[in-house]
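Given as structure tokens, the chain that follows is alone and in the form predicted on its own.
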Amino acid sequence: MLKTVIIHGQNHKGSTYHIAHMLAEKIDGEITEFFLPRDFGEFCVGCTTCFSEAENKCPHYNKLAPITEAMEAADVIILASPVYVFHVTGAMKAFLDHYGYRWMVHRPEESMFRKQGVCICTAAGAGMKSTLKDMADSLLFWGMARIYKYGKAVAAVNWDGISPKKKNAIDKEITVLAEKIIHRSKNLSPGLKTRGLFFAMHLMQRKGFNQKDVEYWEQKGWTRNKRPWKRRKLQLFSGTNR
């Protein structure tokens, strides 16, 4: 059973909410949801403390902790935002800003390399491409093993206004996406783009420019031969020790 966490970029339950929830239900398993800005609405103040000292020095660290912990425990992370002037909502942008220290150029969370991420957005007309990119950029630089994008022009301002024909098409497309996520979860490893980005950061961190980042990469063994997507194999011994 897969654990899914949904980060909604708005408080209301519109078209984007329904599609994100539809996907989580089709994936099946435990679902945890957060709504922005209800569950987190702080703006990054640009103090750079998370980069130069530690993430727990961020003035909003405690408020953000429940969402951070939920994402670390999840197998699938869904970022869902309607299109606001061709981009994500301000609340979603403010949320993602707080994880700059987790970008691969700094101190990526190891568990992210073994997760799948989904970006979902809707609009009455256009703007899906740039909105999806707003969210997918963070998932890529977090190191997500697999990233999916789903944008839909719904020709309506709410879920009830979407035509039955379009809702049926959405249901079929989301079913295919859910099946793909479930299938890949059985043997998950990062794609070439994620691996290539990691390798570039690996070379950079061997020289380094931020001591905190260099120490983190060295501690993880990533500047040498260890890779965050490789799990350590358990060694089983039988009989007496030799």
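Predicted model only: the values in this text are computed from it and were never measured. Throughout, we count residues from 1 along the sequence that is shown.
If you look for the form predicted together with a small molecule, you will not find it shown, but the lines that follow are about it.
- Contact with the small molecule in the predicted bound form, defined as a heavy atom within 4.5 Å, is made by all three of Ser15, Ala126 and Asn158.
- Although the partner is absent here, Val154 sits close enough that one of its heavy atoms falls within 4.5 Å of the small molecule in the predicted bound form.
- Taking the partner from elsewhere, Pro82 is found to have a heavy atom lying within 4.5 Å of the small molecule in the predicted bound form.
- Looking at Ser138, you'd find every heavy atom of it more than 4.5 angstroms from the small molecule in the predicted bound form.
- Contact check for Thr122: a heavy atom falls within 4.5 Å of the small molecule in the predicted bound form.
- Contact with the small molecule in the predicted bound form, defined as any heavy atom within 4.5 Å, is confined among 68-76, 98-106, 164-172, 82-90 to 82-90.
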